[in-house]
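What follows is one chain in structure tokens, specifically the form predicted on its own.
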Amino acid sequence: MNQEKLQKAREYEAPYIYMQNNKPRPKFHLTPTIGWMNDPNGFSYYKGEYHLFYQYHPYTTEWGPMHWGHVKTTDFLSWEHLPIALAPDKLYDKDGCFSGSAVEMPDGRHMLVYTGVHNQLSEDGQTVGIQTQCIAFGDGVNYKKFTSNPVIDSSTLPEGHDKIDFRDPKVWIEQDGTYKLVVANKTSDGGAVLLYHSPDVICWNFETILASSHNKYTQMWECPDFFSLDGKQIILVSVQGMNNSGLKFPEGNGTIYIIGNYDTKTGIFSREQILPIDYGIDFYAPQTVDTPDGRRIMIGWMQNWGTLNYRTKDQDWFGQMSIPRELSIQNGRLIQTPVRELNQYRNNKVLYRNVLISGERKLSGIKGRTIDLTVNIHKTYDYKYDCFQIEFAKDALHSTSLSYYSNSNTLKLDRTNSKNTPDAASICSLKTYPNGDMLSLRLIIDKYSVEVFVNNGESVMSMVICTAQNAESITFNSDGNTLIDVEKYDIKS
């Protein structure tokens, strides 16, 4: 096989790069040039710019043979679309270039590490996708696959590990110049994250089982990430089929983070905390990058494999990324906040202090579908209520709501009334508590989505919204008396 598939895909995509501003899209959340988008890949800093790739099927808005779409940015919000980087055009990846990562090499090349998939018949006549880890080198626009791919196959796996579900490598360079990567795998003990090392990116050796589900956190983990943050080590994984446990973990396909300490001598990762990354319906496969100014930035696919029918049918694109988030650790929890670069796009500030809400109320100047809205709920015994609610993306027939139930300290995000054919999975909830005398809710709304940052990022809920864009009203409602502050900004182009 040669690069005919790549050239064909690039030629197909090219006209749409220049048509994006004429299509209804989010203003500051990344969407594909055309067609289908899922997992972020190759989030990396290369020659002064941030590059992001993504799982991509340009020809339809449905999942198909995976390519790698490609964009770059300097501020995480304004993205320049580049030609498709990878297409499934080799025997070892003919059925898909699955998720992976990227790193700048010491010699200036940009290296992509990805999972190649090729289907074959098993002994019982079933079609199975053989997954191996492959590399490609490029200059930030054009990439050439390594002639001796794959560089890691199932022969490296420990005994008892599944040779089929073996994917999504995340690579980095150690201080001594050697290379390491983590990759997801399935075992009889559940999902697992495996650690490999290499002196030269060509010859890879299995090092240790970094983490395992132990049949407690579902049977398969995907899209692992592993990095140091504020004196701790963090593992991120996306999980399939999580069961709800007292609102601690959302049901279905979701994400978790594991905080702990990794002993390089013993190869043992000691866990301290396991919690969801995002409590919303739509967040999956996050990936992080380390910035020159010392920040760790994370971005995720703002969608869910279980809710793909919740969409606007007439769009020629499907899938979007979350707003990039800055990460830190506070009080043993992962804190996520929108990248600070968002502040330079904010204007038209509207501010209210100590507003009493009793029944339903609108506030002048508080509306819109591309806004940054913070609502602080005062905790005071002078005002009693059971439920306080914010309705947004609202018209006479539709709305999405964020409700806080003070007696149970439960926060609920609900899109049941967001369109005429509500999705089966429309509600997500979490337990939360006021931080001191205030519960802070920051809503980042961008046409087709909302991301709710609770108490300055100690919890996050992400959700896609398909309501028509002229539904832009926002109302506040209390079944008693609730005292709030409101601060709203429009997001300019």
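Model, not experiment: these values are computed from the prediction. So that there is no doubt, residue numbering starts at 1 and follows the sequence shown.
Another form exists, predicted in complex with beta-D-fructofuranose; not displayed. Remarks below refer to it.
- Shown without its partner, this chain lists F392, F388, Y143, Y284 as candidates; in the predicted bound form, only Y284 has a non-hydrogen atom within 4.5 angstroms of beta-D-fructofuranose.
- Checking F137, Y383, Y405, W305 against beta-D-fructofuranose in the predicted bound form, a heavy atom within 4.5 Å turns up for just one residue: W305.
- For beta-D-fructofuranose in the predicted bound form, the listed stretch (426-434, 27-35, 452-460, 60-68) containing residues with heavy atoms inside 4.5 Å is 60-68.
- When beta-D-fructofuranose is considered in the predicted bound form, N185 lies well away from it, no heavy atom lying within 4.5 Å.
- Remark: E326 does not count among the residues lining beta-D-fructofuranose in the predicted bound form, judged by a heavy atom distance of 4.5 Å or less.
- Of the heavy atoms in E222, some are within 4.5 Å of beta-D-fructofuranose in the predicted bound form.
- None of the heavy atoms of Y279 is located within 4.5 Å of beta-D-fructofuranose in the predicted bound form.
- Scanning 162-177 for heavy atoms within 4.5 Å of beta-D-fructofuranose in the predicted bound form gives R167, D168 in sequence order.
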